[in-house]
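The chain below stands alone and is given in C-alpha cells; this is the form predicted alone.
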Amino acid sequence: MDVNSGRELTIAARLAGSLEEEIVAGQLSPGQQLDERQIAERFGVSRTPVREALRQLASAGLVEMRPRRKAVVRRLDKQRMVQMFEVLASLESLAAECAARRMSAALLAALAEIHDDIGRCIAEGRPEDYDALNYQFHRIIYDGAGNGYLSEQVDLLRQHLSPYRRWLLQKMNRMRQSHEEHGRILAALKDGDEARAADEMRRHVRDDDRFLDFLMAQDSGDG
C-alpha cells in the first residue's frame, strides 16, 4: 500500500466515524440521500475517501448503496434491532459462562489490566479512547471462552451493533456505569462462578431501559 492510499483510508475511517455519529444521533435522517460531492465539499476531502467511508457505513448496516443512484441512510428496523440485542446478550452471556470455566490466569490478568485502563480513561475524560478499550475487554473474554465458533458469531453481531452501542455509551454518559458492570463481570470470572458471570454479562449487554431511551431518541430524529 502506498502512502497516498494509506492516507485516504485514514481519512475515510475518520469520515465514516463522523457520519456514523450523525446517523445514529438522528442528525442524518433515515432515507436521506448522501451526495458524495456535497460530503466531500463539507469535509474538505476528495470523493475517493467519501466513497470508501460510505462503503464502510454500508457494511455496518447504516447506509444503503444503490446502483447508479445516491446512497441513502438506512431506515432503522427497531424490532430487528431489539432482536439483535437479545441475541447478542445471549451470546455474550454464554461467552462469559465459558470463560469462567476455562479462562487462564494470564488472560484474567490481561482483563484486569484493561479494566484498570478503562477506569483511567474515564477519570481522565478520554471518551474517544473508550470504545477500543471496551472492545478489548470483551475480546479477552471471547478468547477466554475457548470456543472459536462462538467468538466468530458474537464478533459479527457486535460489529453490526457497534455504532448503536457507542451511541449508548458515549452520548448517554453510560461509560462509568458500564465500567462498574465490567468490574462485577471480572469478579465473577476471577471466582470461576459461571452462573454469576453469565448473569452479570447478560444484564450488562441488555440494559433495556437505556435501549428504550435510544429508540425514543431515534423516533424524535425521524420526525
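Everything numeric in this text was worked out from a predicted model, so none of it was measured. The first residue of the sequence shown is number 1, and the count goes up from there.
There is another form of the same protein, the form predicted together with another copy of the chain; it is not shown, and what comes next is about it.
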Only one of Glu152, Glu124, Glu128, Glu113 has a non-hydrogen atom within 4.5 angstroms of another copy of the chain in the predicted complex; which is it? Glu152
Answer key, another copy of the chain contact in the predicted complex at 4.5 Å (heavy atoms) among Lys70, Arg51, Arg196, Arg184: the residue is Arg51
Exactly one stretch in 143-151, 130-138, 116-124, 103-111 has heavy atoms within 4.5 Å of another copy of the chain in the predicted complex; which is it? 143-151
With a cut-off of 4.5 Å between heavy atoms, is Met175 one of the residues that contacts another copy of the chain in the predicted complex? no
In the predicted complex, does Arg55 have a heavy atom within 4.5 Å of another copy of the chain? yes
Check whether Gln27 has any heavy atom within 4.5 Å of a heavy atom of another copy of the chain in the predicted complex, and answer yes or no. no
Could you tell me if Arg202 has a non-hydrogen atom within 4.5 Å of another copy of the chain in the predicted complex? yes
Looking at another copy of the chain in the predicted complex, which residues in 87-116 have at least one heavy atom within 4.5 Å of it? Val87, Ser90, Leu91, Leu94, Glu97, Cys98, Arg101, Arg102
By 3 Å or more, the Cα spacing of Ala132 and Ala16 differs in the predicted complex; is it closer or farther than in this view? farther
In the predicted complex, the Cα separation between Asn134 and Leu57 changes by 3 Å or more relative to the shown form; did it shrink or grow? farther
